[in-house]
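Given next, in structure tokens, is a single chain: the form predicted alone.
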């Protein structure tokens, strides 16, 4: 097995907690964060369920300590909170002591602010400061400046696999000797743009989502930010760092099937899982648990399940669950949220449950783990699949 790249810190804010500890507490208690919308004025307020962080932008500004005239978006502020927690846990006092990079995934960027004021820009100059926050890279720049990172900084926007690809790129940069450490992950705030976009696709549920259930109705949108700190063996050894786990395998593939749908054969998912296993230098039987993408949409769960059957075989499917029934689908942040959850699973030797499941998908006959399960875990595979067929798989191993 490949040793992989060391993880020395993690941070998260989601609808089930404002810190890693709070998220773990909610996972252990099987306490989801799926509610009606409270913070966005929309006609869809009572029509959908979401994983909303119950903190206003003003509260986030106060928590971070921002000046009142700032132009940061909700996506940026959530990212700052999560990345800051990760850096603190990694005991990084001097960000410039080593070649440090920041790779962040997002799809929403600053839309939550630009959509709020775009009709008033001509007559209200005070709101024009938000125009510059629209693009995805502005969010990454905001977080990097707040952290004091002046080295390699880049943004990945591959829809719902964004954070997975950020983690993968960071691991590859360290392995290639280009960087000594990288803060990697993703952030997305809730916005009308995404609510309306997913509504147009008719894949939003008016109830709490039911991943991998025969009667699944669709996904719950969520918002979150999560980051992990990757560091080279040189730093870990020199500073006697505590290692939380390793990123041991990674891969990205594309089934080139459809703009928003996955292929019936799960080709992209299959290729991503297969290559990640090869890079980790392990066989499918080494996987102790799969944190599935599991969006609770008819297409995704069927496609992912089919790919898993191809990889593992019907008689050898590992324990699996989707944690999106806790947080909602947090879009570009999903893979980093689930990276944190995977690391917590490794540390706690616990599989967190696939909530709301009742009936197996008839064509798959696969049953996820529906209660907290104490189990020795050494190797976890985590899937994240995005629009455009962009499929990514990460493999995490115990320190």
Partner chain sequence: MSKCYIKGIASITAQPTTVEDQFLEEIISYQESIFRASDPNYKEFIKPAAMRRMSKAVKMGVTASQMALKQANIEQPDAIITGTGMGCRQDSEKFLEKILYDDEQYLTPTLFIQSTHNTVGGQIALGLKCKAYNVTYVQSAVSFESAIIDAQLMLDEQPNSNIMVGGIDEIAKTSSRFHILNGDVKKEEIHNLELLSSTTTGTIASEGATFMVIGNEDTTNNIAEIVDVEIKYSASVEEIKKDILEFIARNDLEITAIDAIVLGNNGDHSFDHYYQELQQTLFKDTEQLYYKHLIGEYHTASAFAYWIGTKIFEYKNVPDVLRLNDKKSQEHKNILIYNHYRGENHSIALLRKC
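It should be emphasised that the depicted structure is a prediction, and the values quoted were computed from it without experimental measurement. Positions refer to the first chain, counted from 1.
Here the subject shifts to the form predicted together with its partner chain, a form of this protein not shown in this document.
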So which of 259, 283, 215, 240 gets a non-hydrogen atom within 4.5 Å of its partner chain in the predicted bound form? 259
From 92, 136, 235, 317: within 4.5 Å of its partner chain in the predicted bound form by heavy atoms is 136
Quick check: do 219, 248 and 375 each get a heavy atom within 4.5 Å of its partner chain in the predicted bound form? no
Residue 84: heavy atom within 4.5 Å of its partner chain in the predicted bound form? no
Would residue 172 show up as a contact with its partner chain in the predicted bound form if we use heavy atoms at 4.5 Å? yes
Taking the shortest heavy atom distance, is residue 70 within 4.5 Å of its partner chain in the predicted bound form? no
Is residue 198 one of the residues lying within 4.5 Å of its partner chain in the predicted bound form, judged by heavy atom distances? yes
In the predicted bound form, segment of 108-116, 320-328, 204-212, 290-298 with a heavy atom within 4.5 Å of its partner chain: 108-116
What residues in 118-135 sit within 4.5 Å of its partner chain in the predicted bound form, counting heavy atoms only? 118, 119, 121, 122, 128, 131, 132, 134, 135
